[in-house]
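A single chain, nothing else alongside it, follows as structure tokens in the form predicted alone.
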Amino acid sequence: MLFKGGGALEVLAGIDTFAFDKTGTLTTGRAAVTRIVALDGDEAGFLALLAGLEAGSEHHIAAAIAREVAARGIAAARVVDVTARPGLGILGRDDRGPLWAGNSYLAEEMGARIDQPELRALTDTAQTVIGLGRGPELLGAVCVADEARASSAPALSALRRGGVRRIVMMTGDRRPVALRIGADLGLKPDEIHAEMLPQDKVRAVGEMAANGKVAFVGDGVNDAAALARADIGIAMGAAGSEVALQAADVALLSEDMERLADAHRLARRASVVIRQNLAFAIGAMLMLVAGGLFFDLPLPLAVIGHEGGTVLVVLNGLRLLSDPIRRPKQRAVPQPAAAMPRNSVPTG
């Protein structure tokens, strides 16, 4: 955990609500393409267009599509003028005209519908559905599946045991997808917020902040505003985008989510020690001042009392070094910091 100053550590100790982004935070972020429906029957051509549009993105869904076309030996089509629509999808242009890829919100904005009868096999699943189209014409869609991190469920349980009053998951994904992941993490349906745009996350964090201190944990461009709005923003440093790291107060440099629960517990212990030290230091000074004013307190005793109190405060603080930190079974391999993303894709 990298804290950008002592203030972030103190705020973390007082957090009673944690809000988590789903994709790449509570999930592995290594999604896989599970189903493909090309409405014209040409899967290779459909995937080439989709891969070309997503080529400039660092989103986990774009990476899944890139792995799929690489495994099939398909060359990505040439797409230019690529523009991200945070929380919605991505726009671009090939030699035949404008293209778009994204979720149902972007499809609706373009005058298309992902929930067509031909795509019922995709939309009825609890997986992420990404459509590709030209204006109002839908060319097809793919299903992408992600799984919860192995450390996410234990981390959420540890946070609850540590006194966190409320834990919620926020995602731009469809609700069936969110419910599937949430069930794996032990979250209740009312703790799962799905089909959220970036501005929805910011508004939800603001509403929760009215009832207590809120921490938001995310990794993508879509999460940057929510990270900045929360009382403390925590970015997934190993896989997070640079803009998320800049907006956050804390970076989780390991992909082990249980380290977050460890940091929260240590922050609470540090807060207790700080209060103990303040109370002891102020009490000692009051005793010394009273002794000097109303009693014949020898100077050597006053010096010993003052310096001894300082030593005791330091020793009390050093007790934090003996905290039994849970050691990971396998040392995490450090990852390089993400470059500034040029684009972002739909859900997260």
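Keep in mind that what you see is a predicted model, and the values were worked out from it rather than measured. From 1 onward, residues are counted along the sequence shown.
Another form, the form predicted in complex with a small molecule, is not on view; read the next lines as being about it.
Proximity to the small molecule in the predicted bound form holds for all of 88, 101 and 130, with the criterion being a heavy atom within 4.5 Å.
Although the partner is absent here, residue 221 is a contact residue: one of its heavy atoms lies within 4.5 angstroms of the small molecule in the predicted bound form.
Contact check for residue 232: every heavy atom lies farther than 4.5 Å from the small molecule in the predicted bound form. The small molecule in the predicted bound form comes within 4.5 Å of no heavy atom belonging to residue 181. Taking the partner from the other structure, the small molecule in the predicted bound form has a heavy atom within 4.5 Å of a heavy atom of residue 201. Figure note: of the listed segments 300-308, 49-57, 278-286, 313-321, the one touching the small molecule in the predicted bound form, with heavy atoms no more than 4.5 Å away, is 49-57.
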